[in-house]
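Only one chain is given next, in structure tokens, and it is the form predicted on its own.
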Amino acid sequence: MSNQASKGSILFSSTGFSEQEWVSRIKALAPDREIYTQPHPSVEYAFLWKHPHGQLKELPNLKILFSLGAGVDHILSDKDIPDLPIVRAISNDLTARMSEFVIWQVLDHHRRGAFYRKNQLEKTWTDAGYQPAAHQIKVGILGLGELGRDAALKLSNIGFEVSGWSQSQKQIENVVCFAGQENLPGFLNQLDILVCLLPHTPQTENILDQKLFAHLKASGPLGAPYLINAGRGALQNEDDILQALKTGALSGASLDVFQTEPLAVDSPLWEQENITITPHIAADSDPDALLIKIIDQIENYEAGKNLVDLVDLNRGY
């Protein structure tokens, strides 16, 4: 018991994750720490994914908040969040899985997946016409953080012409990098497929709207551009996406995130043949891969070392 008492205890608080699975994995990786699923005065570290807001404000020994997902907006939206360091979830496993999702959807649009799935249902044997090669398709990624950078490099390796946009200038091999609001239209107007991996901040909320779609080119090798959003649901104006599909400003979309989750059964998004819907699974990853890194951070912190992957509260990510 003396060993346990010397190790900082952990609060696991989540909506949507399996409490039993995650707690059992935390216990296996940190057997000398107390694990709580409800606020407790002794808690020093909070592992969070869409936690009930307000539950952290009266934890006198709390030291660090760890996000269990790629974003931190679920933490920052809590008006009662204590003024403590927040650590982002970054792991090779999570990054690789996001890239898998992006590549899957880019290739699906590139190789006319929706067209052929419809043909199969209708038992129609016909092709979609001319199929451009990857090097003829321009893919752009909104957001060049860890996830965007990895996806951009992998798409480039497949042969796509890849560009990216971020608030600050980045340099990535074989990727044309745009930066700043003044260069956003120039980034958009040359794309065949737009991938959004931005974090949710006040500046990015509803960025995927008619104003942005108006900067996309009218046609290209695939027709009008396609949209893939695996960032955050708050980034997209869903009415504007539907309108863009109706008017032909977009040929199709892949949406993994939504303004309200789960997506309501009466949402018109379900009914669109040219929308692929997935239930926020783009970066689903092995809990152990993330937890090992978090627990290592805690051990390093307790040994007097600096935290890494800290959230910049001025930027919101």
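All figures in this text were calculated on a predicted structure; none of them were measured in a lab. Residue numbers run from 1 along the displayed sequence.
Unshown form predicted together with a small molecule; subsequent notes refer to it.
The closest heavy atom approach of residue 168 to the small molecule in the model of the complex falls within 4.5 Å.
Using a 4.5 angstroms threshold between heavy atoms, residue 71 counts as touching the small molecule in the model of the complex. Put simply, residue 256 is close to the small molecule in the model of the complex: some heavy atom of it is within 4.5 Å. For residue 156, no non-hydrogen atom is located within 4.5 Å of the small molecule in the model of the complex, even though that partner is not displayed. Contact here is defined as any heavy atom lying within 4.5 Å of the small molecule in the model of the complex, and by that definition each of 197, 204 and 315 is a contact residue. Between the small molecule and the residues 75, 193, 147, 162, the one pair within 4.5 Å by heavy atoms in the model of the complex involves 147. Only one of the listed residues (250, 282, 48, 43) places a non-hydrogen atom within 4.5 angstroms of the small molecule in the model of the complex, and that residue is 282. Proximity to the small molecule in the model of the complex, taken as heavy atoms within 4.5 Å, picks out 229-237 from the listed stretches 77-85, 208-216, 229-237, 119-127.
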